[in-house]
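Take a look at this one chain, the form predicted alone, written out in structure tokens.
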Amino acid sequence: MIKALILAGGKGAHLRPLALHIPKPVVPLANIPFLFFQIDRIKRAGITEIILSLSYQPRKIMDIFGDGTKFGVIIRYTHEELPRGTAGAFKAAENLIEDTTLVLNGDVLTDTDLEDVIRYHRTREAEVTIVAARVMNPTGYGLVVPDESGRVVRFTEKPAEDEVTGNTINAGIYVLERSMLGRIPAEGLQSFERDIFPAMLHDGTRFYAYLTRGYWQDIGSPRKYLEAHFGIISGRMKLPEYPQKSCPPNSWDKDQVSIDQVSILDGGCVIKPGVVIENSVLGEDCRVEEGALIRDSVIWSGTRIRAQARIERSILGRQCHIGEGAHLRPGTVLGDKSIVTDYSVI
């Protein structure tokens, strides 16, 4: 039976300060722990057994998902004290892997039809199939060049600008046959992208790329995390039904505030008269006082925004305090419990 493995052990260094006190795989995305988006997508492919490969703050992830039964799946865990890379994490789960395995990097938001990816893999009798996506700027990703049949003829991890010959990149989703485990050493750091995939090209392995035409976005940096929210707000990426989510009644008078129809607010928020909220997400128990403006921003739970504050294209962590009249410039990212004083501009 095919299983899924989610590589959820990263520290999220590029997402700090947001991922300083919470693992990147469970940062809130539209007020839902990020990993649930991947679990929901895996379930839609008919896969009900999921392995989570953990390393950084594993208990915070396990406390949310448990054995998976409340989400309609079976979740098992592997834990690495020292991360061994993407291929090393796959090898560490060897005792749980019996057959073909779907592997996802733990920071990829997509509506790719994973059932179709698996079908593509089997039709080509591939040992490895990677999902590829087209992006505007491929630097910073793994560049994938397939031939007309879909077979990968070139794979370059994070190429220099003068090495970029296309815009098709590794989307961080793989279908792997169990035979792949024999290619990975039992010890040491091993990366699919830097070690295993390039070596496979030299061996003539049946290595294919599936080009997704669905929505795809990684959340590896604050800018990309914000873009992922815009993908949801715009409707390009649909929200899953998160079974643990329950909102109390709205704590605001719709006739005295201006909140557009696309913004996502937890019902526990308190919104005072004169507030304007556009294209934004607010988490549980946020409090926004009179005349404040929030535009193109993500506000995590428990944050208080005082009167006449102005927040644009920013991300605020949990339990922040934004003083009266304060202005946050576009691109501002504040970690948990940050304080911005009254009338300051940052």
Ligand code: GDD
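The first residue of the sequence shown is number 1, and the count goes up from there. Here the structure is a predicted model, which is why all the values come from computation and not from measurement.
This next part talks about the form predicted in complex with the ligand, which is not shown.
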{"query": "In the predicted complex, the residue from R183, R124, R151, K158 that sits within 4.5 Å of the ligand by heavy atoms", "finding": "K158"}
{"query": "Proximity to the ligand in the predicted complex, single hit among A209, L102, A228, I169 (heavy atom within 4.5 Å)", "finding": "I169"}
{"query": "The ligand contact at V26 in the predicted complex, heavy atom, 4.5 Å", "finding": "no"}
{"query": "is_contact(C269, the ligand) in the predicted complex, heavy atom dist at most 4.5 Å", "finding": "no"}
{"query": "Any non-hydrogen atom of T86 within 4.5 angstroms of the ligand in the predicted complex", "finding": "yes"}
{"query": "Non-hydrogen atom contact E115 with the ligand in the predicted complex at 4.5 angstroms", "finding": "no"}
{"query": "Answer range among 228-236, 254-262, 106-114, 199-207 for contact with the ligand, defined in the predicted complex as heavy atoms within 4.5 Å", "finding": "106-114"}
{"query": "Residues in 44-78 with any heavy atom within 4.5 Å of the ligand in the predicted complex", "finding": "S53, L54"}
